[in-house]
Structures are given as C-alpha cells and as structure tokens.
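We begin with a single chain expressed as structure tokens, specifically the form predicted on its own.
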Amino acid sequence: MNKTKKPKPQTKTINKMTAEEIKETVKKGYAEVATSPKSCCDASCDCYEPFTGGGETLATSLGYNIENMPKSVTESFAGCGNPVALSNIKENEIVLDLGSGAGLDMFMAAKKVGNKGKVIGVDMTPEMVKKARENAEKLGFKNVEFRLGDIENLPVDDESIDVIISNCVINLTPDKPKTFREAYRVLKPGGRMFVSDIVLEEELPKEVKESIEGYVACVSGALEEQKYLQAIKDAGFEDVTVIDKTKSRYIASDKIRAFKPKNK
C-alpha cells in the first residue's frame, strides 16, 4: 500500500502578514533560541556565509572575548558584528542595547561603564529577558537592567541615554524608521549610536524575499544600505557613517556610527 506524504502546512508570505503577525513570529523564533539554543540563521533559507552559525563559535569569530562567560550567555548569541568594540564606551555612561537577547553585548558594555554607569537592555521576547536576568545574576553584574519591550516603542525616558548599541536586530523590526526615531528620542544631545546590522547589497531571490523563515533568519527584513542609512538620517541623526562592512552574496553586515546633534 502506497503512503502519501502529508502536505506541508502553508505559511503566509511576508507581504500578506501584518506587522504584528511578523513580530509574533519573530518572538516565537527567538523564544526557541533562548530555550533551545540555535542560531538565528538555522532557518531553511540560505543565510549566506559568513553570517551562518551562532553561539560561542559566532561570538569568537566576531572578536568577542568570551573567556569566563557561562555557556548560558554564549549559547543563545546571534549577531553580525561587535558593536561594543566599535563604540568607545566610557566609564559612568548609560548605555542602551536595542534587542539585548541573552545579554552578551550588555555584559561587555557593563565592564566598560563601571559601577557608577548603567546598561539597559530592551528585548521583546520574555524568554530572552528571563535568561538575560539569570545570566546577570550568575555573573554578579549590578549595573545592568533588562526591560521587556518593543524597540519601536522603547520603555526608556527621553534624553536619558549616552550610547545606543544594537547587534543584528533592527532588520527584524517592521517599522525601521520608527525604531530610529525612538533611538533618537532617548539619546541625550550629543549621544551616539553604534549598530551592526544586515543590509541588502542586491535584490534577494523571490523565495527568500517573501519567506517569513528568511525574515526570522535576519535576511528578508533587511533594507538596501542607502535606505537604511537614510532612515537614520531622517530620524535626525548626523555624521551617519559605515565604518566597516562584510559582504556575502546578496547581503552585507554594516557597522554604522551616528550622532544626535548637541544642539537641537
């Protein structure tokens, strides 16, 4: 007797999903990364080297010194750069991490700001926030705070932040211009932002462009570089500069620096 294969469940393409549906799917994907660690790029789409892989291997390849970091910090790491290494964070500063995950970038920043400084992380995935808080307790950090929230609507006071960092997260937001406007709002005059993120170098294949799996994998939600940079400028930032770039097929990892003007 011949057995017929069950048809695969049909999923909506991105262009047929609402922003809230996209966010819920991303949230579920990263809940899995928190509870059953894997890379954000384990999805069925081809994420293209060198951005595949995750965890400790990826963190090491991006230049993180993860010596003495517990596995619970590194196993859920996913990123496309090392924004803390670029940001020249100073002692006593207040740092905000957009999409803080299990906390690796925050803990690196916390070492730089010292006991009188503070690092705030915002992440929309409850499982990630829970894991990050547990990691902070393991490591004994008292100068970090993790907040559950949406980076398109930051739970952060106006002009309260010296430095913003973000690692391969803004590409996951449906409304990137709003995310950058929120970043501008919370930065102090003269504050600075350092972002590592995926941008498009050329048009994606249709099957990847429309794939929600590709979106969760940090690819399908990416903007063309010029549109990404323009969204930062339109939010009010100045001196918006790509200070480093790693290309791979259709995409690139851009390391971007921007400043909020001292005099508004």
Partner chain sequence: MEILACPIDKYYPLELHVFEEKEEIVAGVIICPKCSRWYPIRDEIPEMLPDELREEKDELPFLRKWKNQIPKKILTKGKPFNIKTEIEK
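Positions refer to the first chain, counted from 1. Bear in mind the structure is a predicted one, so any value in this text is a computation, not a measurement.
A second form of this protein, the form predicted in complex with the partner chain, is not displayed here; the remarks below concern that form.
- Taking a 4.5 Å heavy atom cutoff to the partner chain in the predicted bound form, the contact residue among K138, K111, K71, R147 is R147.
- Judged by heavy atoms within 4.5 Å of the partner chain in the predicted bound form, the contact stretch among the candidates 83-91, 189-197, 99-107, 159-167 is 159-167.
- The partner chain in the predicted bound form comes within 4.5 Å of no heavy atom belonging to K209.
- When the partner chain is considered in the predicted bound form, K176 lies well away from it, no heavy atom lying within 4.5 Å.
- Shown alone here, K255 lies farther than 4.5 Å from the partner chain in the predicted bound form, counting heavy atoms only.
- Contact annotation for E24: at least one heavy atom lies within 4.5 Å of the partner chain in the predicted bound form.
- Residues S36, E56 and A78 are none of them found to lie within 4.5 Å of the partner chain in the predicted bound form, as judged by heavy atom distances.
- Of all the residues from 118-150, those having a non-hydrogen atom no more than 4.5 Å from the partner chain in the predicted bound form are K118, I120, M124, V129, K130, R133, E137, K142, F146, R147, L148, G149, D150.
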